[in-house]
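Single chain ahead, written as structure tokens, the form predicted alone.
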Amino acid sequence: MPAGFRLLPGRLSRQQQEGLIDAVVAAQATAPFWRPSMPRTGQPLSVTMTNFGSLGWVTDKHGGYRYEPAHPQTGNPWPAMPALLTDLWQELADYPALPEACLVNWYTPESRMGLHVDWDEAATDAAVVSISLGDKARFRLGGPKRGGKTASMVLSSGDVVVLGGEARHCHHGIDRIYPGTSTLLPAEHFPAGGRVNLTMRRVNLA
């Protein structure tokens, strides 16, 4: 594993996981899940997204990858980040400022996320802190260049991954979801089941 990579299995209790899912459900009132699209091609992503924080990551055909202070469809500010998330950041990120964005990705059983590096932030010196909720997923981690060796591991609900230091600049993605491996996501709000991933990032330099 590259320097700065940490996997904390089972870091969040079931009660903490349920609290975060409740916050995601409540956020839908002003910041519902939507399906972004790729720059230039306009191809829809296989995940739906929303955000917590003062800034939210968005992408579309004409504007490309970027951070915005409001939901692209409702125009509402993003909901505040739950205290559990900011507390976790302060414990794990080792950075002198709080996160400004928490991207919320909902993966249904067919969703994937190709290998990529998070490069849309000025504060690339700050770690990325990622929380898995719901079904298990196969996470893949490579190096700073495409085409190199990769390693994979299965992430479970409540696991936390930290990408700091060298790992902050490494390609990573989700190969697949393992349906039915968690009972965390309530069916009335997540009828397709799947996995929710929360990724905290600092956007601007401290």
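Source: prediction; values computed, not measured. Just count from 1 along the sequence shown to find any residue number.
Absent from the display: the form predicted in complex with a small molecule. The rest refers to it.
A.B. asks: Since exactly one of Ala70, Ala27, Leu45, Ala167 fits, which has a heavy atom within 4.5 Å of the small molecule in the model of the complex?
C.D. replies: Contact with the small molecule in the model of the complex is made by Ala167 alone.
A.B. asks: Can we say Met113, Asp118 and Asn197 each have a non-hydrogen atom within 4.5 Å of the small molecule in the model of the complex?
C.D. replies: Judged in the model of the complex, Met113, Asp118 and Asn197 all sit within 4.5 Å of the small molecule.
A.B. asks: Would you please decide whether Ala101 lies within 4.5 angstroms of the small molecule in the model of the complex, comparing each non-hydrogen atom pair?
C.D. replies: Ala101 lies outside the contact set for the small molecule.
A.B. asks: Considering non-hydrogen atoms and a 4.5 Å limit, does the small molecule approach Leu163 in the model of the complex?
C.D. replies: Result yes; Leu163 sits at the interface with the small molecule in the model of the complex.
A.B. asks: Any chance Ile174 has a heavy atom within 4.5 Å of the small molecule in the model of the complex?
C.D. replies: Yes, contact at 4.5 Å.
A.B. asks: Against the small molecule in the model of the complex, would Leu84 count as a contact residue? Criterion: heavy atoms within 4.5 Å.
C.D. replies: The answer is no: Leu84 has no heavy atom within 4.5 Å of the small molecule.
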